[in-house]
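Shown here is one chain on its own, the form predicted on its own, set out as structure tokens.
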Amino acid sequence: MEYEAIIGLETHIQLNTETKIFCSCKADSWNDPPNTNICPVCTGLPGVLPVLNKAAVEKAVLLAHAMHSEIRPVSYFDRKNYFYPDLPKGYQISQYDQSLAHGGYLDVPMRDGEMRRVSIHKLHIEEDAGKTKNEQGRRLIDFNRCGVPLIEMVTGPDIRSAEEAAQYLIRLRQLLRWLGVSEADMEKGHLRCDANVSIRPKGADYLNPKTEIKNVNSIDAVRQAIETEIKRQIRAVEGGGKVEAWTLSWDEDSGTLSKMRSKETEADYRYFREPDLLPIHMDEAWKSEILAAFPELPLERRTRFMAEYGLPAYDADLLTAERSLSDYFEAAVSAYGGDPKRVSNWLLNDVMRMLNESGKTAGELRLTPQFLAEIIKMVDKGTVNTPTGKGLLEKTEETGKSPREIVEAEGLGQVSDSEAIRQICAQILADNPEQVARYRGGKTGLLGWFMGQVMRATRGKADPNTTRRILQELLDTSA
């Protein structure tokens, strides 16, 4: 029998606010020593009261709007009751039946060019719990993460393969960074994902019991864990067994899944309204204020880049992978005033290499979009040759000076005078009679060697096209 997978993803997104959701402790404590970034509120000491962080709500509204979710005018906080060592209060402040937003979807381009629409079942705000780890036979608890603001977002059962799940996470991560609501670094726990997986005969329209996979901390791990679980469930069913609703833990080192506990249901958490917090009233004025500077979204900009600038899908995809790079490209195109594809080539081939080596974003470069456009124009006009132009990228980034200023100060202007180049070429041929003889004997590949000698003699300033033409003329003329 042929089976299909039914997959839903639960993502926990750490919002990049300065402080936690209900207290003034620093929110991002990734590098802090254990239990040094805590207070009576986030550790749940008796007698304290939570105070809602307005910035967390506003970032949640931005994401909800981007996900095409309906933002409720009134939403409530609830207590999710469960007992675990890293949850000091014995409950988590979350949202249940009247969350900030509901519904929505994310369109996800797949590798084959098709678009998959993934529905959003739930989107709500909540606080994070702490962390536990086992060390030398002891269970250690770090409360630093308690109270960090999260958005929990749950998809519908719309994903059909491990690869589709990976592509959804790639696009979600891109969107979170684009909006500036989260750093979305899975290795640091800014974006965490649990996968719910079940199988059924292909073409069936019912849902079977599902398992939940936890402890996956990268997109590749999500892909691998889901693939492993799909294969396990198929083996179980074909062997005459059945799939039971377990929560599974993924071990990345061994590439295996193990049972953690039976899967909880919502009834197990005994939700009730949080009595210490008022409802969130999201009136139109506040919502309009939050959404006033809402940006063009990545997929929309990708489509526009192809239509407006005539870029191929490959270029448009790379240029809209990160908002800073996308803005940089548009500013460079505007300053250049020529073929956008030429700007794209310089940006993706040369500037991207600089970004990868330096770890900077495009917006952090001293090589501004205007400076990049200036370099391309100088190459177009023959003021400098292409190798010199590429070298100017590094020099401009190092010094912060304008490319034109560097060219004038270092005498980097291209030598285009044919007579001057002819004299240099003639001298190089005269100094290397053996190489000339080999060329004329059929080793025409030596033309590149002669080109290199001319470039060395002119410190890379000779016009390559003029140089090549003159060398061929002199070499092809019998002595």
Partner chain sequence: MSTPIPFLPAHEIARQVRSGELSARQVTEAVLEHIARVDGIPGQLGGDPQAEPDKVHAFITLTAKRALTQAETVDARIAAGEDPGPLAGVPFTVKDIFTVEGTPSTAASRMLANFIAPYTATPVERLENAGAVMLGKVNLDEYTFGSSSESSAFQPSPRNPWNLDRVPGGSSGGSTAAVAAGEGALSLGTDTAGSIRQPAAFCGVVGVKPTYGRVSRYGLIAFGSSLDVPGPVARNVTDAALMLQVMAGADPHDSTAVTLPVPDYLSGLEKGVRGLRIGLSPDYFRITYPDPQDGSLREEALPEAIRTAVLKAAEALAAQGAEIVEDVPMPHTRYGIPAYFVISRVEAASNLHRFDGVKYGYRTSQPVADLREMYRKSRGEGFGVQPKLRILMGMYVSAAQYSEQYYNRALRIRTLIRRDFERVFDPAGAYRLDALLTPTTPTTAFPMQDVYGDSVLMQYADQLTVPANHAGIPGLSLPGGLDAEGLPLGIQLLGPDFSESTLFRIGRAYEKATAEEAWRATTPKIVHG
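In this text, the rigid core denotes the largest set of C-alpha atoms whose superposition between the two forms falls within 1.5 Å. Positions refer to the first chain, counted from 1. What you see is a predicted model, and the numbers here were worked out from it, not measured in a lab.
FYI, the form predicted together with its partner chain isn't displayed, but the following is about it.
Although the partner is absent from this view, residue 323 stays clear of its partner chain in the predicted complex, with no non-hydrogen atom inside 4.5 angstroms. Residue contact check for residue 441: none of its heavy atoms lie within 4.5 Å of its partner chain in the predicted complex.
With a 4.5 Å cutoff on heavy atoms, residue 351 does not count as touching its partner chain in the predicted complex; it lies far away.
Taking non-hydrogen atoms only, residue 141 approaches its partner chain to within 4.5 angstroms in the predicted complex. Only one listed stretch (61 to 69, 48 to 56, 28 to 36, 442 to 450) carries heavy atoms within 4.5 Å of its partner chain in the predicted complex, and that stretch is 48 to 56. For the candidate set 79, 190, 177, 122, a heavy atom within 4.5 Å of its partner chain in the predicted complex is found for exactly one residue, namely 79. This chain is displayed alone, yet in the predicted complex one of 412, 424, 436, 41 has a heavy atom within 4.5 Å of its partner chain; that residue is 41.
Contacts with its partner chain in the predicted complex, taken as any heavy atom within 4.5 Å, map within 81 to 96 to 81, 82, 83, 84, 85, 88, 89, 90, 91. Comparing the forms between this form and the one not shown on their rigid core, the Cα displacement of residue 235 stays under 2 Å. Relative to the superposed core, residue 359 shifts its CA atom by less than 2 Å between this form and the one not shown. Put the two forms on the same core and the Cα of residue 140 is off by 2 Å or more between this form and the one not shown.
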